[in-house]
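First, one chain by itself in structure tokens, the form predicted alone.
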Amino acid sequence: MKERKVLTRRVGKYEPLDLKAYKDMGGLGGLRRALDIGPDSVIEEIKLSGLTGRGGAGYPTGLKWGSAAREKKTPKYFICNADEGELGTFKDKVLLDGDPWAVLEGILIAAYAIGAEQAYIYIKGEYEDTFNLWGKLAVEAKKAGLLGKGILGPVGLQVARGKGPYIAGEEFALISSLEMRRAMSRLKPPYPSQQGLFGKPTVVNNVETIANVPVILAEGAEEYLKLGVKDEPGTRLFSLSGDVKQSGVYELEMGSGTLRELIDEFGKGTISGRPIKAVQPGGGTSALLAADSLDCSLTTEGIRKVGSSIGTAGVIVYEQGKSGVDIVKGLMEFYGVESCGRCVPCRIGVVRMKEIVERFSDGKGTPEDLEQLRQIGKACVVASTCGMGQAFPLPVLSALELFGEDFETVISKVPA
């Protein structure tokens, strides 16, 4: 299994603020072609490429752009979502720090395609060095005529620092945060492409998603379609962490191997040498997979078939010797305080599930607790407003299914 470096081919090979070096390595070719073919053709090229969102939802990028471009209301906005808050996910920072001009080029192409005169990049609050870098990058881009009244006309870029909540990674919550309001999800429709930032048409794309855009425009959609598999072209950046000897970010063609091969080849096995107990293939909100399900293809469909999701491609490995109770306790310690409070199922359910998991961790779980954990989790999945409420119970529900004996062991030790 080998890496296929497309998005990461320039990472670490030039000084981040050196635009000349970026151009010498082929940068801005996508932007030049975009200007040659026009906004409508740019959107059609993105649609033809089959590019989907890399931030977790996997929505077709070209459809988002097309929807916003058709809207008559102005002004329009483009937002690059760099609020990388999903547990086990750290791939966007590699691009933001290692090849920032490519991300900016993608932002400029997107703004041009949908007719936006103002763009934003919303950077995770903990990424202080990245935020400072992008502040300087925006200045350099304006000097070079890429921003301001430059080659695209009047296009501005505001570098915004995230306020901290996990929910700000959800597009409407991020929009609320940019509007200087509490980060909260909203009911859909209307969608952001219809009524987003300040009530105007808005497109929100993840960093990795937008980094694909210059590649597609420079080389053409037909060339891009040669990467990956038929229904899922391109590459993905996999963040590999947890109980592995070698964590890191690895760029692989979709379908180029299996989840087990990724862990063995790049993670070099578990830290202790013990067998794998469970893996989360799509970040902290993805369902757990047992060790016998790891021979699945590294595609959205391949991972879905074995009961989980590719999500943000944040692969978290847990080795044997860890209880299923301890695994979900660590997850619920995080998600248990991250609900925005917008809807009742998530606002109340996440707290109750956290309390029950903590009781099991303290050796005090009961059969009634076990049943409540299942019922509350299922209710949150079907009744919550946004992706967080629908997804945070999945690791717990999958742990109950795969490692129910770990919970039953706790119950058996509770004094009658």
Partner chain sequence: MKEFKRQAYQKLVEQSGGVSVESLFVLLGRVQDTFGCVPREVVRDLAARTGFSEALIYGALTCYKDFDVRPER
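None of these values were measured; they are calculated from a predicted model. Numbering follows the first chain given and starts at 1.
The same protein also has a form predicted in complex with its partner chain, omitted here; what follows describes it.
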Considering non-hydrogen atoms and a 4.5 Å limit, does its partner chain approach residue 182 in the predicted bound form? yes
Is residue 228 part of the interface with its partner chain in the predicted bound form - any heavy atom within 4.5 Å? no
Quick check on residue 299: any heavy atom within 4.5 Å of its partner chain in the predicted bound form? no
So, residue 267 and its partner chain: in the predicted bound form, are they within 4.5 Å at any heavy atom pair? no
Though its partner chain is not shown, can you say which of 261, 326, 338, 219 has a heavy atom within 4.5 Å of it in the predicted bound form? 338
Since exactly one of 294, 94, 155, 178 fits, which has a heavy atom within 4.5 Å of its partner chain in the predicted bound form? 178
Thinking of its partner chain in the predicted bound form, which stretch from 115-123, 245-253, 280-288, 313-321 has heavy atoms inside 4.5 Å of it? 115-123
For its partner chain, considered in the predicted bound form: do all three of 7, 22 and 145 come within 4.5 Å of it, counting heavy atoms only? no
Residue by residue through 201-228, tell me which have a non-hydrogen atom within 4.5 angstroms of its partner chain in the predicted bound form. none
